[in-house]
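Only one chain is given next, in structure tokens, and it is the form predicted on its own.
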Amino acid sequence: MAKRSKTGLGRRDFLKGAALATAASGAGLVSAGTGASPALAAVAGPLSRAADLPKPAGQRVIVVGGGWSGLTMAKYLKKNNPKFDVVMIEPNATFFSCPLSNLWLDNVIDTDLLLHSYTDAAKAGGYIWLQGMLVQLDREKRRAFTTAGYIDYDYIVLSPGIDYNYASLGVKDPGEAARLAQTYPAGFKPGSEHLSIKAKLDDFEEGVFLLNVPTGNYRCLPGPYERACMIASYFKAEGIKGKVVLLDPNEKPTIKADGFLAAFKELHKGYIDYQTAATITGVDVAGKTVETEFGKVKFADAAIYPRVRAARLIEDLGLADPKSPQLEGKIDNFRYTVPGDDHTYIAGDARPMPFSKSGNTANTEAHIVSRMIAARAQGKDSPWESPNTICYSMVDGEGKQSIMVDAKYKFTKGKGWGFTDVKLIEKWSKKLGKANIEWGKGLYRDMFS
């Protein structure tokens, strides 16, 4: 088969042109509290002075995190209440999108679709982007301490995303977890991990490329299945004698099951080995081997995805629910506020409701929460609405064909959360493939223009 021309920029060009920062997003340094911490002595410089920001003209709202949730939140807080003075805190210099990144791995799209400017987004949205990290929060004084200085606020929204729990893979030693993270990155936190996986595929010659589906409510439920399809499509197009082994602890794909299973069988026969009820219980990084209940699996290279948890910042600030297996924030599920504190909100992938941790969900949820905050600042109320999960998955990179799901959520007393208004299309088509890319472009416009 003739090789498909590569549309993606090479990783060297990307690094040179994008200047992507690799600061660890949302890593808290000290615990929350109203008094000084001994840990502050080492970082007293920026924490002891005010951040270099203009004096607020109205109520100041801080948004922590510049992902799909934070970007949408910052823009629409200002849109819903133009008198707000909005500051978004994000450590990375450039936005790199996780949604649609699997298509980039297969050269279906190039980096121009994934890379965006925080500077331009802030200018277009009328808010301030502060490059830095939140490290401590005094909720009594409403003062946020960041690596760029402290900021006093009226409201704060925490949308710091996720971190990984490598102990879920049986890797409990911190040193070994760090080696695993760097050698076989999961690729569900934006930027450097994606560059690493792209480089792996560029250099891959033959053998098994290992992927897995984590347990729990992980970021982008169809993501691992779509990635298996895209890598298989890449191997096929490039004439690589490789096979994707996808280990899934579930009996079938967690979403769009019929569509993915048909794609594995009809589109990628011989290129995808889908193994169900297979949970990783140990990883030998140097030996290129994972352990499952059924034995060991050897591989040539891999992207290994541990169970996710809320970003450590949530726990460091004392806002995690200890009963949550993924240490997500403890909030009023219909108001998004921390109990007893109507000035602190948690949204995006760090919130506890079992909504999809996906781009469209985070975007639509941020629209809703921004309206809530704008209304409450004026002494009014904005009722809870369900976020919307619209999720396209490309299953055929050569033909650019996708499947999709569109759903909302409802809460039933005694039963908990469930789906509603579900629209599912599991027969792939070029029409859905085109809609897939246009969906991404539309949401980028919503966040950045």
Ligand SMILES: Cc1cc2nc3c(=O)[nH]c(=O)nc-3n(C[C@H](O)[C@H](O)[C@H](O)COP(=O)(O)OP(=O)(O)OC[C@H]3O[C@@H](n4cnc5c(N)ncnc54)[C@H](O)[C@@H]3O)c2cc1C
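Start at 1 and count along the sequence shown; that's the residue number. Note that the structure is a prediction, hence the values are computed from the model and not measured.
Not pictured, yet referred to below: the form predicted in complex with the ligand.
Just one of Pro352, Pro185, Pro91, Gly242 comes within 4.5 Å of the ligand in the model of the complex, counting any heavy atom, and that one is Pro91.
This chain lacks the partner; the member of Leu114, Leu313, Ala144, Ala302 within 4.5 angstroms of the ligand in the model of the complex by a non-hydrogen atom is Leu313. Residue contact with the ligand in the model of the complex: Ser233 places no heavy atom within 4.5 Å of it. Using a 4.5 angstroms limit between non-hydrogen atoms, Ile390 touches the ligand in the model of the complex.
Proximity of Asn212 to the ligand in the model of the complex: non-hydrogen atoms within 4.5 Å are absent; the residue sits far from the partner. Taking non-hydrogen atoms only, Phe204 never approaches the ligand to within 4.5 angstroms in the model of the complex. Heavy atoms within 4.5 Å of the ligand in the model of the complex are found in exactly one of 376 to 384, 419 to 427, 401 to 409, 63 to 71, that being 63 to 71.
Contacts with the ligand in the model of the complex, taken as any heavy atom within 4.5 Å, map within 153 to 177 to Ser159, Pro160, Gly161.
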